[in-house]
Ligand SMILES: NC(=O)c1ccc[n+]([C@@H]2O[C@H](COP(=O)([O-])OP(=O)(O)OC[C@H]3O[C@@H](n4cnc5c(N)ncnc54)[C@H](O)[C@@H]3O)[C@@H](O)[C@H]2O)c1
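Before any questions on binding or motion, here is one chain by itself as structure tokens, the form predicted on its own.
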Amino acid sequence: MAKTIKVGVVGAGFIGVYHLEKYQKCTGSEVVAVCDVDAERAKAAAEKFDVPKTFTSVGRMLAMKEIDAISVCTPNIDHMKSTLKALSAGKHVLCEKPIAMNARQAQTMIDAARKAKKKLMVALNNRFRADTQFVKRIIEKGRIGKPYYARSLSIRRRGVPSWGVFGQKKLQGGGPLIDIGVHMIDMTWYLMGCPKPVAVSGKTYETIGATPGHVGEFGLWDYKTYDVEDFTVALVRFANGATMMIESAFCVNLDKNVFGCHVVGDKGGAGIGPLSVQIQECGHLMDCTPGDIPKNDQYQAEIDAFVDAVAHNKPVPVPATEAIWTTKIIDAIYASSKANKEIRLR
């Protein structure tokens, strides 16, 4: 019987509280410490989820020998720093998305995990959705044939977060592309079978977010500190000849919010957001979308999978070695927009 995995959570903000809640519901784990630079926030989270110890220093928390693993739930700028400290202390790590500010940092984290012989998983929770797993099975069974094109959409018409540091490039590394785009790019790439990206051409636009007078679905945002992109469009080419189109926005003058993807094969297609399946039969393209795929708690499934991998020494389902490719794509989109040319990937 596997032992109970003792966990520490770094960051007690919105996403940190989500991790605390899911670990509490996971029968194989126990949160023994929570850390946040804001002592009152750490204390409030600890009281809510009955966590025995709080810290404002990651190093002091990691000195607890009983901790087996940690969740890094801090702003992007801290992901590498806290992860490296945890790996050096001999802890397994579940790091929130994106893995890091850029692929160079991500590779440093991967190298550190290999050296420490510890697990490093990235919290790209959309892989764990019930509809994602259904579409994955459809594609793996060959029902849509060979995937050759996909669309990844993460569009908010007016959806700049009014909390946190999501509009500050120096702390996040970018805007909607690195925040919400990373989810849909990873999910789409995962459904395509994780082909190797070889080239990216993209363009970012800054037209709305840094100007006053706009109200979004999350209320007013601080336009004075907003220095990230509003909207991104890009094309990714893969080594197997497939392509992916990407659109991602915090604010753009389109008709509706859209979050999802569609994968096109030579025998059919399948999409998420909403779920849809198209299959060629008898010379016609048939709509074959099931109506009975139940929704699941993708965040709980993610935490359960991480704890199970640590407890039973199994590979994590979203390894950093995969997550880095999404970050490489995002880096290349920003570089392509700045240089006004296609960027090759290695």
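All of these numbers come straight from a predicted model, not from anything done at the bench. Throughout, we count residues from 1 along the sequence that is shown.
Although it is not shown, the form predicted together with the named molecule is what the next lines describe.
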So the named molecule isn't shown here. In the predicted complex, which residue out of Gly216, Gly90, Gly164, Gly145 has a non-hydrogen atom within 4.5 Å of it? Gly164
Quick check on this chain: which one of Lys118, Arg129, His262, Lys97 has a heavy atom within 4.5 Å of the named molecule in the predicted complex? Lys97
Given that the named molecule is not shown alongside this chain, does Asp38 nevertheless sit within 4.5 Å of it in the predicted complex, heavy atom to heavy atom? yes
I'd like to know if Ile15 sits close to the named molecule in the predicted complex, meaning any non-hydrogen atom pair within 4.5 angstroms. yes
Mark Pro75 yes when one of its heavy atoms lies within 4.5 Å of a heavy atom of the named molecule in the predicted complex, and no otherwise. yes
Can you tell me whether Asn102 touches the named molecule? I mean in the predicted complex, with a 4.5 angstroms heavy atom cut-off. no
If contact means any heavy atom within 4.5 Å, which of 38-46, 309-317, 278-286, 60-68 contacts the named molecule in the predicted complex? 38-46
Spell it out for me: taking the named molecule in the predicted complex, does every residue among Lys136, Met187 and Gly268 have a heavy atom no farther than 4.5 Å from it? no
Checked 119-135 against the named molecule in the predicted complex; residues with a heavy atom within 4.5 Å, sequence order, are Ala123, Asn125
